[in-house]
Each structure stands twice: as structure tokens, then as C-alpha cells.
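The chain that follows stands alone, in the form predicted on its own, written as C-alpha cells.
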Amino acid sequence: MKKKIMAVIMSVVMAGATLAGCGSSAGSASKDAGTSDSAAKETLKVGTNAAFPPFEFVGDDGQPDGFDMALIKAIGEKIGMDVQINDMEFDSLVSSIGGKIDVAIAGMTVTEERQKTVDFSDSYYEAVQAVIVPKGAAFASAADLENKKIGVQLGTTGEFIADEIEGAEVSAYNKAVDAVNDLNNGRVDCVIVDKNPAEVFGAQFSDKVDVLPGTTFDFEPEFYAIALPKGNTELADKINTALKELKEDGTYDSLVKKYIEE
């Protein structure tokens, strides 16, 4: 796992810092202030939760960075819009679309429940959940999760899965790293979180935890997409076209290599 992300995780663990939201105005895309009407670009207000590496984290400059951030900025360039990032709690992203933010990108899985409130772009990443357990702990099947104290990030697929496990006592945290800290302190028995951040945490706490693949527990693959205002087909078409072009021109693959594979 690359040094940059490791440094970011350490700063999150030690400081627990979160970046304040950048945007203040509500509503749909707006013109940038201080520019002439002829030169002004519309602004795409984007919500994220910068505590989910390698997809989003607070970079060395104090601003949200990561695969999702680079991807949405590349999309912004394709569709001719300035991108304004708003860092907020993951659980508030969906409800903020159409108000504080225009769209959300945050390693967000497409679910039937979320689709009742928002639409989604085409999927841009296939993921699966993983389970973080104490070093050497005996977890070998889905049955081993039953009747356990399970840590999850609030509002994520991990929470949805944990809520369905028989006898589980689920503790939900605003940040996944807080759940991992409680695992290390013996307050929970395991943590369910997406594979990529799980691997980052596993590398960070390699002397304390093991990361077990979702296949061990029969977790199904899931798909990340950009959450959009319900019924805004014009914006959806623009974003989907940009995604397609970024995959065709090699930009997408270069971002995967930079943020996820290295």
C-alpha cells in the first residue's frame, strides 16, 4: 500500500480530523462568483466523506483526495463544470442531494433503499465487503459472525449486512477508523467494511489485526456509483458519457493504478 495513503491514515488515527464542508449555498449547480457571465462555469457541488481510503481521504494539503475525488474532477472537466467538494458525514450524503450538494461520490454502493431517494450513475467500481478481526482470531464462515459485537461505518453496506446477522450487537461509527480503533481496544469483536479501506487499515495495524475476504462469509459483490438527484436525466447523461469517455481514453485506468493498485 502506497506511502501517501499510509501517512493519511496515520493522521486520521492520531488526530481524528475532518475537513469542514466547502460549500455553503443550496440548490442546483450555480455560476462561480467574480467571473463574467460569458466566461463563468457552472459549479457542481459534490458531497463526500473523506475518511474512506483509498477512495477518499484528507490529503497533505488538507483537502479531500483519493480515487473518487480524482474521478469526479476528471468528470467535471469533461462536462465543463467546476467541482466543489463538500466533506460531510457519510450518513447525511443522500439526504443532502438536491439541497446542499448536487451529487455524492463516496464509495457509495447502489442499493434498492437508496434508489428510493436518489438516482445513480453507471457503476464505476465493483467492490465487496471484508471483515477485520483481531490477529489470529478464529473466523472461518458466516456463522462465526453470529452473536458477535460488530463495528461498522454508519449508513454503509457494512451496517446493512451486520444488521441482518443473527444475534449481532452492531455499533455504528461516523468513521470506519473509529470502529477499527475500538476493535484494537477490545470493544468490538470484528469490523465489516469495504475491501479496499479494510486493506489499508490492515496494513496500518498489521501487528494487531487480520483482514479476511468477503468470500469467507459469502458476501456478494456490490457496485459503487455516483448518487444523483432523482429524475435529473440531463445530469445523469452527462456524467455517464464522461465516465465512458474516461474509461476509453485511459484516464480511469491510470487513476486506478495511482490510488488503488499501488
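Computed from a predicted model, the values in this text were never measured in an experiment. Note that residue numbering begins at 1 and tracks the sequence as displayed.
Not on display, but discussed next: the form predicted in complex with ligand ARG.
Comparing 162 to 170, 108 to 116, 138 to 146, 179 to 187 against ligand ARG in the model of the complex, the single stretch with non-hydrogen atoms within 4.5 angstroms of it is 108 to 116. Contact with ligand ARG in the model of the complex, defined as a heavy atom within 4.5 Å, holds for exactly one of T157, S96, Q84, S121, namely T157.
Of the heavy atoms in Y224, some are within 4.5 Å of ligand ARG in the model of the complex. Put simply, F67 is far from ligand ARG in the model of the complex: not one heavy atom of it is within 4.5 Å. Contact between F52 and ligand ARG in the model of the complex is found at the 4.5 Å heavy atom cutoff. In the model of the complex, the residues of 56 to 93 lying within 4.5 Å of ligand ARG by at least one heavy atom are, in order, E56, F90.
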